[in-house]
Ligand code: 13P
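Form predicted alone, single chain, as structure tokens, below.
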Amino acid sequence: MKTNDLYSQINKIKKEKDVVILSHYYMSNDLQVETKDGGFVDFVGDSLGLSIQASQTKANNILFCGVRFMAETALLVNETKQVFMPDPSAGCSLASSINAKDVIELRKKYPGVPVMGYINTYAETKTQLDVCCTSRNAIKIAASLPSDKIIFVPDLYMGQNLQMRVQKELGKELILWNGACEVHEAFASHNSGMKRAIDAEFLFHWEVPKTLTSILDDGAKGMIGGTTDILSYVKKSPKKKFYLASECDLGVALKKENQDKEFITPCIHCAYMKQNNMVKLLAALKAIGSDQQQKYQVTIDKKTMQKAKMPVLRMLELSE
């Protein structure tokens, strides 16, 4: 089937079944084409943007192209809707690095210290958090907590990168957990690309190891931030060459918005994100409303739902 015919079929089924399709920037190119550009995706974004879109959608069904914690978050902020994934088994190495019992133990070790959890956690873990944050709003959320110490979970590297700004701007200390995203951690062994980027500006995601991002402290040009921060920075920068240290397919959006600029990257893909594809997406769409829909539906038990949604809703309130 030709691409245009496939897009047309997907859009037809979407309309018939009242489905909104959300897609993360880490999806492959064909899953990032929005309806305004002739595709079928209603919104492409980062974790915060997708959470906001999920909370505001009027559609009865959400089809989420991402990993499971993202689809769970969409359900937490919209529990009256049905949420589906092309592949509900798509996990996350970072989200799997911590669970609710781990957070309970941290609370015992540091009594009275608030817990700020990265959105990259499963619903079960979120039941023990005070508030969630994304890579885009972490500083703002940290500023809102009335404490000079904050437990931040689960990303160690993100925490280390945030630590300097949190101390300098807020006078606060972060207590960290030893978790990591295997994609961003992998950049530590790709120094060859950095050596080729002498005349480039560096684009580091918060989750990249401090051993790499420290070159900015030594005078290298560039920035550390979330996905949307990176997109905004490149758009405003007069520089024509950039070294991208984040999931390879963020380059899709970067190149689309900045066709006159060059991006150097080791092109490390997230295997979990790449479990999503067009074949699975179409199968999930067709299954909605049939006896096969449970294969693609994301569910959370009521008790977990009620506790896990609170830190996410608090984050969205503080992000306004």
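Counting begins at 1, following the sequence as shown. Only a predicted model underlies this, so the values are computations on that prediction, with no experimental measurement involved.
Form predicted in complex with 1,3-dihydroxyacetonephosphate (13P): not shown, discussed below.
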property	result
Listed residue (Val153, Leu129, Cys181, Met85) with a non-hydrogen atom within 4.5 angstroms of 1,3-dihydroxyacetonephosphate (13P) in the model of the complex	Cys181
Phe204, Phe187, Phe242, Tyr118 - the one with a heavy atom within 4.5 Å of 1,3-dihydroxyacetonephosphate (13P) in the model of the complex	Tyr118
Contact test in the model of the complex: Asp46 vs 1,3-dihydroxyacetonephosphate (13P), heavy atoms, 4.5 Å	yes
Touches 1,3-dihydroxyacetonephosphate (13P) in the model of the complex: Thr134 (any heavy atom, 4.5 Å)	yes
Heavy atom of Met70 within 4.5 Å of 1,3-dihydroxyacetonephosphate (13P) in the model of the complex	yes
Non-hydrogen atom contact Tyr26 with 1,3-dihydroxyacetonephosphate (13P) in the model of the complex at 4.5 angstroms	yes
Contact segment among 274-282, 261-269, 27-35, 46-54, judged by heavy atoms lying within 4.5 Å of 1,3-dihydroxyacetonephosphate (13P) in the model of the complex	46-54
